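Shown below, as structure tokens, is a lone chain in the form predicted alone; questions about how it binds or moves come after it.
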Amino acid sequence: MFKVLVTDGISDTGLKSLFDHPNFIVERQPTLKPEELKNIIGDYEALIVRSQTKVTGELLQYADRLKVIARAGVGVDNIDVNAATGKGIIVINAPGANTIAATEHTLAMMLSMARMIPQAHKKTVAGEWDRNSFKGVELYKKTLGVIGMGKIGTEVAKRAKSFGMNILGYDPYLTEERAEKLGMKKASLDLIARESDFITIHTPLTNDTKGLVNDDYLSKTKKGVRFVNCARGGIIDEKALVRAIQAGHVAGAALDVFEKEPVADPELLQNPNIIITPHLGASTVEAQEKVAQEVSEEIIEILETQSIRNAVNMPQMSGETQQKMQPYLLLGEQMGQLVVQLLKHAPSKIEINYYGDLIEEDTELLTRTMIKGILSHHLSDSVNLINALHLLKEQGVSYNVQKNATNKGFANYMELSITKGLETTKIGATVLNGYGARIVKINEYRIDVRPESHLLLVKHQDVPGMIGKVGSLLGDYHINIGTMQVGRTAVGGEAIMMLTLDKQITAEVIRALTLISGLNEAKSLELSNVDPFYPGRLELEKVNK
């Protein structure tokens, strides 16, 4: 018998498969205090929560029998995934169950904004019959820009077409063929800004999308445009949006998510042209039933058949394999993060080559870490080691893995290349015995760089004084250089410089660097030094310390 504890308000209908199963005992205790939960958590094999219960590392110290933590929803911000992984506990969620709810809420917000329904309701129930102040606009024949063509963005586009809207879609992985099948036009962000009457956001919050809709982007938009955001707070710069509305350039906005929640900014709450809801995108009876049903069924599969579909982490590896593969898993993740930042577009093809001793190892998990590193740049934390290959196929990206006994000058060597059209970017890396991970090749250039959080790649002409000029400028901006490596293919030709820095550099510094004579390009690169999803992370941290 497996015991399951449910600590938050979760649909009984959604939990039916667990209630009806002869091998499961379900106990509901939705009002437990943290200390009370600590006292009983050791009796259960599975825990189901929503957002109220905080599953901390301290709590998990008492969870000796726990095998599965299920979040009846999408995000896992209230769960210490690292601590769960360290104890071999699988963390699952229900990533697709709220698609329809979020889609319909987006359309409801768009219609409410177009016809000023909340404002008209408020005035009418206050006793004022005012038919003149609420002249709205129709959706028919208007242009809708959809930023982010994942599941929700796609469903929004399909439904908006039934209103007779013209659809422009942007997504790094959207192809012309898929756009054509959906009856829409693939567009750039700038084209969406210029031509859209309505713009709706459906992307994850990443480094690239944070503040995506800012003063600069708003200045490019069509006068009278209206924005909807039911995705993630922080994608729209709220202060910039308010300024654009107050200036009369943006006609209105409908927001369900915010940079800080609960939202308290009076400029948002009191603006008559902004409609606000308290993060209700997934709040339907059906969606809550679906998320509970999904996690219930997966708990049964995990505990009875060891089948895993929606885990956000991975089970522990064997001790021997873990010891061998730990440094490669971390390096593979960083290679994926690095190579995708060097390509100007999302890739359509991935090539992975293993050389030397690595051909004797099971590299499937290593391949997944590289792919996860690549996809996470655009898809954020929706990517994990289990769903990486599925998401790759869903995005229409092909991949190929080859093994070769040739050592390429190293006992072990990994090469990762990604391609879009005629553009290809390649990273070569190795783990040196006694010295650790090294990036040893970028495209055709040989280098020797230890992966660190903040990197700067400079392309320049191989002329005297260039290293001094770059170092001097960074010093002027109080940016400390850890290491510097230079690579070139021919004397006097183009060369690269890779620097490790103590902090991330700003766009202002990048602009200043590009003004140096003979310097062709400067690019800031960010890496995660620790991947929270791969097995053995906690043990590796101890070694590094």
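All residue numbers refer to positions in the sequence shown, first residue = 1. Source: prediction; values computed, not measured.
What comes next is about the form predicted in complex with a small molecule, which does not appear here.
Proximity to the small molecule in the model of the complex holds for all of I147, I152 and A231, with the criterion being a heavy atom within 4.5 Å. Of the stretches 369-377, 197-205, 110-118, 131-139, only 197-205 has residues with a heavy atom within 4.5 Å of the small molecule in the model of the complex.
A residue is said to contact a partner when one of its heavy atoms sits within 4.5 Å of a partner heavy atom; D171 meets this definition for the small molecule in the model of the complex.
Within this chain, T143 is remote from the site of the small molecule in the model of the complex, having no heavy atom within 4.5 Å.
When the small molecule is considered in the model of the complex, V74 lines it closely, a heavy atom lying within 4.5 Å.
The small molecule is not shown here, but in the model of the complex it comes within 4.5 Å of a heavy atom of H279.
Between the options D256, E415, E238, E298, the residue in contact with the small molecule in the model of the complex by a heavy atom within 4.5 angstroms is D256. Listed residues T209, Q334, T363, Q341 were compared with the small molecule in the model of the complex; T209 is the one with a heavy atom within 4.5 Å.
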